[in-house]
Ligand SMILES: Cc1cc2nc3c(=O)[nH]c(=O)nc-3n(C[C@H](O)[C@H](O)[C@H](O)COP(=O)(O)O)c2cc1C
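Read the single chain below, which is given as structure tokens and is the form predicted on its own.
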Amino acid sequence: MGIYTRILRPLAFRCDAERLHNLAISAAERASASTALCASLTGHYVRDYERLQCTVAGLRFRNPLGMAAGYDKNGRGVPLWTALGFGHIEIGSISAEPSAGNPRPRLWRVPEERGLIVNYGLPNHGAECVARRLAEARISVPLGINIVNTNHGPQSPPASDDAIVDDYIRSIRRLDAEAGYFMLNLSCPNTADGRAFASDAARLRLLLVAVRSAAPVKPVFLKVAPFGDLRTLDKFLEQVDGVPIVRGFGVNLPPGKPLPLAVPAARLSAMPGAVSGRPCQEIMDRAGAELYRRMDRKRYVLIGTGGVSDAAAAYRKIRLGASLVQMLTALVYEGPGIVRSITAGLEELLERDGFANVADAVGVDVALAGGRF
């Protein structure tokens, strides 16, 4: 990571954040087309640790660390990300129809906090295009596909409940053959429909019943915003408990900005959106731990996200209930070597604490706290 952080990152950060991201995805797509290059990178980056191997929702993972949705929105570089050592890749969010997302600018770096401010609004190529691309890709680890309702733009009228549900179902049916699992994004903080739809119990039930009727072959997870209170969380779980296809949950970025941030107020006001990276770590950890504490652990599993910047942060999420963890922002700040660093660090931490397998560490801190975090 030294060359990246000392030399490459200072040069790269002179470029607009979204432009640089697009360049990185284009480079990943070109690299992914080369079997020889990906094999070479695999030999350099991938380390297999028996202690990190795990089975979650019937899927086998070489390690619990994955790439979070939002980095590769359209599945253009999956073979390259696999070669960097990730145990799974989650792409998207993908909608039934292509979307341009929110107007630019919509992505900013916050180096003072090792974070990003994100207001993309779900731009993607649409389910049909992504399905064709994935059908030709070499995918050797579980591939999660994050599904969301199409964002038709800030000036569009609100979509009807039936239209939103139909959007999800069309994407699931088109992508089922390519997915390792589905993550239904119920809480995008940067679109009006995404923020509100799943907060209503009747609408959530409508969606889940429709998804069950569509009979996806692959496991289904739900990505939700941190719940404001325990009553709302319990009502959510009551709705989900009646739909047996749901295998677990992920926690999305909360809308707005966790304060305080070491950023001048005038600059912060010019950057609408949600904050990813270290600034959201604490709120995401608490939200995940509370969800783990109250969910049916015999049925559901948790995928932890938010602020995974090193092995200690990933291990904390595991001990708070996450069977899998995902990262995104740290890749921007630390470079591709961060994946190998985190997996090696997790191996050391598990050995230090006497765990034979990563699954044995899941939720131990919630249990030690008497079930309350």
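Values in this document were obtained by computation on a predicted structure and should not be read as measured data. From 1 onward, residues are counted along the sequence shown.
The same protein has a further form, the form predicted in complex with this ligand, not shown here; the description that follows concerns it.
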Exercise for the section: Please state whether every one of the three residues A57, R286 and A322 places a non-hydrogen atom within 4.5 angstroms of this ligand in the predicted bound form. Expected result: no
Problem - R76: touches this ligand in the predicted bound form, heavy atom cutoff 4.5 angstroms - result: no
Problem - Proximity of Y168 to this ligand in the predicted bound form, heavy atoms at 4.5 Å - result: no
Problem - 4.5 Å heavy atom contact, H88 and this ligand in the predicted bound form - result: no
Practice task
Using a 4.5 Å heavy atom cut-off, state whether P64 contacts this ligand in the predicted bound form.
Solution key: no
Practice task
Identify which of L52, L328, A28, C38 has a heavy atom within 4.5 Å of this ligand in the predicted bound form; exactly one of them does.
Solution key: L328
Problem - Segment assignment from 154-162, 244-252, 133-141, 79-87: heavy atom within 4.5 Å of this ligand in the predicted bound form - result: 244-252
Completion exercise
Contacts from 68-103 to this ligand in the predicted bound form (any heavy atom within 4.5 Å), listed N to C, are A68, A69, G70, K73, G92, S93
